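The form predicted alone is given below as one chain in structure tokens.
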């Protein structure tokens, strides 16, 4: 007699028409982004707004590079929160641990695609990495630390964290039982297995924290160590990259956690988790705003002539609308987060608004880090350049957001997005 298929926790395995419609829409947008990439591959980089610096009056790095830095930044908060939950025993945050880990993985995958978009001929870039790579170069670290090491470590951490839940689900008859058995890989939850599992995850968490700080600092060094590029040569580049990564990642994690709380059946994410996330976001945001003020004042009053030119362009020139819009996004977010504290409530609406605003501001800041120093910051006697993304670059960027959302909502339907030990179904934690 066939076993009866029973519903799995948190709506795993259950789909609805609304869910299918969302998946189809996100898949269509992601495919549109890949279509833009195919146009770029077939016709060349001429379909983008990129042009050589100097005689051609353009920028060789543009929107794709800005989103490389952005997506790697979003991944920062996810795995950091997951590691700190284990290392510091932050019990209030345990319900969001898995969505934080999943966010890290999908964000790093998006960063990988953004790198492929920027390379123009990705196969040649991958081949040349092995042929001509210089380990002392920050560019080498971008691929080895950020994409290879960082992504691999995050995948392993997600696998280890979910193995016990996979074993519990594998004991329940369902259409996804084969997948959960594959993930569990024979895990039975014996005392010896749990001890070995916890020990491995603990040391992996310790290894991940310095790895991710090094990875994000390496991205900052890609810009900060180029002494001939005004606007980039700054000792604040690496720490500012880490701070803004934490801001954008926490903002994205807050939005995802609220969506999960509102849409996933029986998902219980306590108010304490949102209070912790909101406070952490406020602290990081204030620190980053302090960095911005210090950098602007230093460049205005003591910077070289070209440094002052780039700074004036940000404050009053062609890039001023993006700069002040980013500043406004951060400032409004600070106000919303302080208002939430004053009201002494959870303030989910305020948190979501702040989370969206800081990510919009982070995108603007990433763009301003990449472009102005190329179009207005050359030390050679060239004229002022310009750069405007084309539809190809825009559709690629929008497609990456759809790709990440697609992966997250599909993951939530094949595996619990909230750890089972928080399930309100009774019984002990798996």
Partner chain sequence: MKRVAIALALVVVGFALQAITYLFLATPIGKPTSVRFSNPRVPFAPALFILGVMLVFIAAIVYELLPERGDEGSTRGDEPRA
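Numbering follows the first chain given and starts at 1. Note that the rigid core is defined as the largest set of C-alphas that superpose within 1.5 Å between two forms. In this text the structure is predicted, and so the values were computed from the model without any measurement.
Separately, the form predicted together with its partner chain exists; it is not shown, and the next lines address it.
Contact with its partner chain in the predicted bound form, defined as a heavy atom within 4.5 Å, holds for exactly one of 240, 269, 204, 264, namely 204. Interface residue among 275, 340, 94, 177, judged by heavy atoms within 4.5 Å of its partner chain in the predicted bound form: 177. None of the heavy atoms of residue 347 is located within 4.5 Å of its partner chain in the predicted bound form.
With a 4.5 Å cutoff on heavy atoms, residue 185 counts as touching its partner chain in the predicted bound form. Using a 4.5 Å cutoff between non-hydrogen atoms, residue 88 does not count as a contact of its partner chain in the predicted bound form. For residue 290, no non-hydrogen atom is located within 4.5 Å of its partner chain in the predicted bound form, even though that partner is not displayed.
The candidate stretches are 352 to 360, 327 to 335, 126 to 134, 243 to 251, and the one lying within 4.5 Å of its partner chain in the predicted bound form by heavy atoms is 126 to 134. Contact annotation for 325 to 345: no residue has a non-hydrogen atom within 4.5 angstroms of its partner chain in the predicted bound form. Put the two forms on the same core and the Cα of residue 178 is off by less than 2 Å between the shown form and the other one.
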